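Here we start with a single chain on its own, the form predicted on its own, put down as structure tokens.
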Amino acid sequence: MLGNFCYHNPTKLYFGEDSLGFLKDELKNYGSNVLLVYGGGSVKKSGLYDKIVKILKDNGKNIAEVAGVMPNPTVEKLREGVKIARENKSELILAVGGGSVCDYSKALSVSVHCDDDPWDKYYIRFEDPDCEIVPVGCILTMAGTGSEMNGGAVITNHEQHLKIGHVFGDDVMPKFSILDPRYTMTLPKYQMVAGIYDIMNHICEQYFSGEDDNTSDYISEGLMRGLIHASRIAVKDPQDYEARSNIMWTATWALNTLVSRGKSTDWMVHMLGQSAGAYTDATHGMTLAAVSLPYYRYIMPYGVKKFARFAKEVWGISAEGRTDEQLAQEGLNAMESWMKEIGLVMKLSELGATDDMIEGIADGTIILTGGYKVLDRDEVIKILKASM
């Protein structure tokens, strides 16, 4: 492993079918004014909303609400939430939903007591919070982002055609998260599959970098193998509790900073996918799926040994009689077959992207330096065209 590092994760997790029962224990640690944040109508249709409201009322909490948080939360919605949180003097933000609701709640937590415009401060200037942070708790209903145990918060600005993530520090991470796999079973299959690929790509972004013998990479390989196995079961039977619980737990460990320790990380697939998402408003996991293979096939020659290892250790492809280049290509072919098998969207054009958007998507793509190849703008455009 390379370098020195500190690992600390302050989020407490409650996992399993009865985990909502622990909410009452956590509520004792916070003030009376709770801001309940959720997305569309699914939390009400499932009955989860009523259960949570009852627990809050039974524990003497005053409830304000931010409803209708969209899959790609916007800066306008963030400003709306700031206004509601300030008016109600919110002392705890309780996010109920998937990664977008959790992301939004963390962005809200650093904005309530901030005098600056949050978009400019956190997403353009990338400043750290220097104000009081409202604590966040999460009740997760979709597995994918890992937002329940990290400091990331992605916000979209449609006017500027930008979708940007800010990874905040420990103080912004959820104080607690409740993970009941059964809450994910009401999701449409499309959303489940998108979440599965988001998990896979989170691991890949941290795996496809560096050539040292790194414990984090061994952990990543195990997580990927387990995810692939569970995904095949869940696609055939979305109500399989064991598969859905394994997917949910893998999602958390894919992006709670553990497998990034002691190594560089890439994240260019996310930069490409997020920029495309700013133009199409498409489901995040699907934008990642559309750009992944063109990107990985482009950078593969620069990190061929890791891609060959990926083929052997994740996909079980024999190295006998194959060069590293052949092995690497077969590994990506196996990944493509799996992606199609579980029903992922493979082209940006299927998500609403058009050729005349490519220049703008390229302009909105942040170039990072942790992977095997630092791209220039012409290379970004080439990869985007291959993704269409």
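Residues carry their position along the shown sequence, with the first being 1. Just so it is clear, the model here is predicted, and its values are computed rather than measured.
Missing here is the form predicted together with a small molecule; even so, the following discussion is about that form.
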Are all three of 42, 100 and 198 close to the small molecule in the predicted bound form, meaning a heavy atom of each within 4.5 Å?
yes
Given that the partner is absent here, state which listed stretch (214 to 222, 181 to 189, 120 to 128, 231 to 239) has heavy atoms within 4.5 Å of the small molecule in the predicted bound form.
181 to 189
Might residue 272 be said to contact the small molecule in the predicted bound form, defining contact as any heavy atom within 4.5 Å?
no
Answer for residue 105 alone: is it within 4.5 Å of the small molecule in the predicted bound form, judged on heavy atom distances?
no
Can you tell me if residue 69 lies within 4.5 angstroms of the small molecule in the predicted bound form, counting non-hydrogen atoms only?
yes
Hey, in the predicted bound form, is residue 150 touching the small molecule, heavy atoms inside 4.5 Å?
yes
Give me the residue from 193, 93, 255, 172 that has a heavy atom within 4.5 Å of the small molecule in the predicted bound form.
255
Name the single residue among 259, 204, 278, 154 that comes within 4.5 Å of the small molecule in the predicted bound form, judging by heavy atoms.
154
